[in-house]
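Have a look below at one chain only, the form predicted on its own, in structure tokens format.
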Amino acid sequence: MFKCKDINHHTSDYLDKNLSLWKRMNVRLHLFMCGPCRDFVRQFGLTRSSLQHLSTPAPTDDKIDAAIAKLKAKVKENQ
């Protein structure tokens, strides 16, 4: 059976479903019996999910050039 340090090591693969059946069963058995590890895996998953939703793609050069052109036009209007 896995120990807490094994859960820590395999958490990412467990959440990505990249573990063999045997390892996945060991993780689930440990999580069934260990509340702190259950909390850790749950929090890890929530943190990872939150970070994925926060990430935004970098703007392209075309979008940056368009934004600069708009700003220049606004400055000219206000002069």
Partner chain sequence: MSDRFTDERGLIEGLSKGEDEAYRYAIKSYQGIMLYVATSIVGNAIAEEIVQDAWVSVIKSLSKFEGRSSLKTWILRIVSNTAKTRLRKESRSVAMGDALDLELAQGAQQDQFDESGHWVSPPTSWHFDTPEAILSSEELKEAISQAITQLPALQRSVLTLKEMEDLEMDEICKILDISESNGRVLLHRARSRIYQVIDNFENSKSHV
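Please read these numbers as outputs of a predicted model, since none were measured by experiment. Positions refer to the first chain, counted from 1.
Although not depicted, the form predicted together with the partner chain is the subject of the following passage.
Engineer: Flag residue 48 as yes or no: does it have a non-hydrogen atom within 4.5 angstroms of any non-hydrogen atom of the partner chain in the model of the complex?
Structural biologist: Result yes; residue 48 sits at the interface with the partner chain in the model of the complex.
Engineer: With heavy atoms only and a cut-off of 4.5 Å, decide whether residue 33 touches the partner chain in the model of the complex.
Structural biologist: No - in the model of the complex, heavy atoms of residue 33 and the partner chain never come within 4.5 Å of each other.
Engineer: Does the partner chain come within 4.5 Å of any heavy atom of residue 24 in the model of the complex?
Structural biologist: Contact with the partner chain, no.
Engineer: Judged by heavy atom distances of 4.5 Å or less, which residues of 1-15 approach the partner chain in the model of the complex?
Structural biologist: Contacts from 1-15: 3, 4, 5, 8, 9, 11, 12, 13.
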